[in-house]
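First, one chain by itself: the form predicted on its own, in structure tokens.
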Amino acid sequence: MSNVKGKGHCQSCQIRHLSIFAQLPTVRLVEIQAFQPSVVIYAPDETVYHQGDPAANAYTLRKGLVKLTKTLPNGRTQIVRVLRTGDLFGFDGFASEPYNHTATPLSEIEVCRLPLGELMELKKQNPEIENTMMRRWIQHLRQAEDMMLELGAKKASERLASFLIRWCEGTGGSWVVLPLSRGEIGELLGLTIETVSRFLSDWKRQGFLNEQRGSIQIQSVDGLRKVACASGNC
């Protein structure tokens, strides 16, 4: 069950530079200190919200990983995005819309739960918040467009290699947590589990990567990049 850890304090938050309050000067943060969103912990496979629920809150992911899934009319589900620390989600209520997807933790997560009513007032009074949110929405739109391009223009091996490079970017060859199953990776990239398994096995034999339950390590980013760019779609 979800557990309310306490109240968030934006002024001292360790991920404030990633939040919608990033552009607010310290003096302004003091002025809005009455706004203290709840910090909530969810266990893996709990649900933060369901597709179609009224959107009463927005969220900032403080810790952990979350998958966003859409349910089709025939009952089939599709992963549309994986969220990481600092990502914003659940802002559908700003458009008076219900949640457009289901948010499910892939690991134990910690979120700031932002009541939309209070957030709307803060946004009106502080244009910096509006500006930060607009920048993040544009970033998310571009990511969605890039994903559409990959699904439409890249071969299966190129899609998977590109995904792994992005996931492990900036880790310098260290082990990286990857809680998605092979089936979930395939669901995200429009591939079958057999295709994902075959390529991962091939790349392990070629020395491109190591894999263990829930983690991955890229040993040759150049090797994977050659696969990702094989058709010149980079």
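Start at 1 and count along the sequence shown; that's the residue number. Note that the structure is predicted; figures quoted are calculated from it, not measured.
In what follows, reference is made to the form predicted together with the DNA, a form of this protein that is not presented.
Between the options His50, Arg166, Arg198, Lys70, the residue in contact with the DNA in the model of the complex by a heavy atom within 4.5 angstroms is Arg198. When you look in the model of the complex, the only residue of Gln206, Ser38, Thr171, Ser181 with a non-hydrogen atom within 4.5 Å of the DNA is Ser181. Contact check for Leu61: every heavy atom lies farther than 4.5 Å from the DNA in the model of the complex. By the criterion of a heavy atom within 4.5 Å, Glu194 is counted among the residues contacting the DNA in the model of the complex.
None of the heavy atoms of Leu122 is located within 4.5 Å of the DNA in the model of the complex.
Contact between Lys155 and the DNA in the model of the complex is found at the 4.5 Å heavy atom cutoff. In the model of the complex, just one residue of 66 to 99 lies within 4.5 Å of the DNA by at least one heavy atom: Arg76.
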